[in-house]
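Here's a solo chain for you in structure tokens, the form predicted on its own.
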């Protein structure tokens, strides 16, 4: 129903403003929109979508960085595809780079040099593409760590967590495939490394190598195959997974951190349009701009310094891109462990730290939400995030995993560490063999103690308020520290988390000796549940908070009003000035 038009009776009829007639184009556009809306409820869908709330917290930007760098990769990848030649056919280089003229190389490497030196803006786009790939994997990793430490993987978001694990694992494949395309000496060394991983697979290793490389390494088909994987197969899978990830994000609503007004049934944040859309658009251009600056000012992958790939050569000090460093580190430090069964050799020193470690990492990540839910018996939906300190065992496990990853990653550069710091390569290797087992245990213990200490501090803050740092002398000569009460909003935030009780072993029979039906809690599950809840500092109850408030009022009654010469002291023990 149209709103009635208000007319001022004091204005003469001839001087009243006339309503402008809509243009023909506007009328046609409105008719087209109405025609579509009669058949597809576009307006209702758009209205609901544009009002979707997005919480405002810096950690949510990590996922946006991953999305934006993926878009940058698609844009720059289209540019590079125009000039790159995915062929291993040998040619003699006759391009602009004088130091390599007359050197035989593959067409892939020659086209890479041409993009770098002959195509206007080619080197800039190459470096933007490479930096965006590094940032893409880094942002996905940081985003998954945020999801893990805050418990955002819990019901109903387990499926979205699995999609995230798939995105991270496939992103590694995509990055390695693109890294190998130039066919330079450094990327060829990385391909040789992967060839060793493939051949280490028991029984089928040699067959798998011939299948991947089209014959014995390096063959003549691996670059064209990697090219199709890099520009078609994996990007298509990534696009599908990103779309599914975003669709589930919209369907499940966004998570938010504890705070006043935050519930399991709502989302507190800014609407998608216009505020969040403007902020997200601006942030995209910030990410794009920073990536351009990195591509313009920070050199990466200068393939002309390495030269074309030659299976008989290895680049001194060669290192893979950072996200594959942990695999190489594990292979470098493992002892020479091989077994011979009949006429076959089983190279455990390559298979276990290579294929086995990656399989263990991604399998563990995929199964963790279900393992934690099984241990805790938590079947409720969660839309409010955990503060990491309130899940000390989960946080400690995460830090322990990060520590193991970091030590493997450092082991991948043990030769660089030895040359740069003048240390023994063998000593570094032996140290890392021990540290990758001891370091995570120490990190777990220290992290859990820190989390429990922070829980105790939160409990004291809720019960007794914040420390003022001012010592007050009572009439009886004693001293007490004045505490300022915290706000109700802060107290709510510090006590909003849910504490799950430890599970107990279910009896197999009831009081009448009849066997119980249904799922029972085993001794192993109960033991793990008690371990998970062990040491947790209970949050204050309502009665404890009330008693603490009365106790604070009694202290305030006995306190002396601050005045000059009354003996009020600061935390340093000197008389405080009065105002």
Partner chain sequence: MRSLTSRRHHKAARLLLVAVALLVTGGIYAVVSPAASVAAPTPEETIARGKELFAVSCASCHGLNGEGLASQGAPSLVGVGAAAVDFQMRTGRMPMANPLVQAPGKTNPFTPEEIAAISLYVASLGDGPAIPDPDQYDPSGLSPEEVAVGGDLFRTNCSACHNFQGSGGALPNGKVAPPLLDAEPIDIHEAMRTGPGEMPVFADQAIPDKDVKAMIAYLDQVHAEPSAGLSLGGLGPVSEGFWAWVVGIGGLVLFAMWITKKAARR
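Residue numbers count along the first chain shown, from 1. Small disclaimer: the values here were computed from a predicted structure and weren't measured.
The same protein also exists as the form predicted together with the partner chain; that form is not shown, yet it is the one meant from here on.
K.L.:
So which stretch, 94-102, 342-350, 486-494, 198-206, is the one near the partner chain in the model of the complex (non-hydrogen atoms, 4.5 Å)?
P.N.:
Checking each option against the 4.5 Å cut-off leaves 94-102.
K.L.:
Taking heavy atoms only, is residue 462 within 4.5 angstroms of the partner chain in the model of the complex?
P.N.:
Looking in the model of the complex, residue contacts with the partner chain do not include residue 462, since no heavy atom lies within 4.5 Å.
K.L.:
For residue 265, is any heavy atom within 4.5 Å of the partner chain in the model of the complex, or not?
P.N.:
Looking in the model of the complex, residue contacts with the partner chain do not include residue 265, since no heavy atom lies within 4.5 Å.
K.L.:
Quick check on residue 258: any heavy atom within 4.5 Å of the partner chain in the model of the complex?
P.N.:
Residue 258 lies outside the contact set for the partner chain.
K.L.:
According to a 4.5 angstroms non-hydrogen atom cut-off, is residue 131 in contact with the partner chain in the model of the complex?
P.N.:
Contact check for residue 131: yes, within 4.5 Å of the partner chain in the model of the complex.
K.L.:
Pick from 292, 367, 248, 123: which residue has any heavy atom within 4.5 angstroms of the partner chain in the model of the complex?
P.N.:
Answer to the contact question: 123.
K.L.:
Just one of 61, 537, 67, 528 has a heavy atom within 4.5 angstroms of the partner chain in the model of the complex, so which one?
P.N.:
Among 61, 537, 67, 528, a heavy atom within 4.5 Å of the partner chain in the model of the complex occurs only for 61.
K.L.:
At 4.5 Å by heavy atoms, is each residue in 48, 164 and 393 next to the partner chain in the model of the complex?
P.N.:
No, the candidate spot makes no contact with the partner chain.
K.L.:
If you apply a 4.5 angstroms heavy atom cut-off, which residues in 272-286 are near the partner chain in the model of the complex?
P.N.:
The stretch 272-286, when checked against the partner chain in the model of the complex, contributes 275, 279, 282, 283, 286 at the 4.5 Å heavy-atom cut-off.
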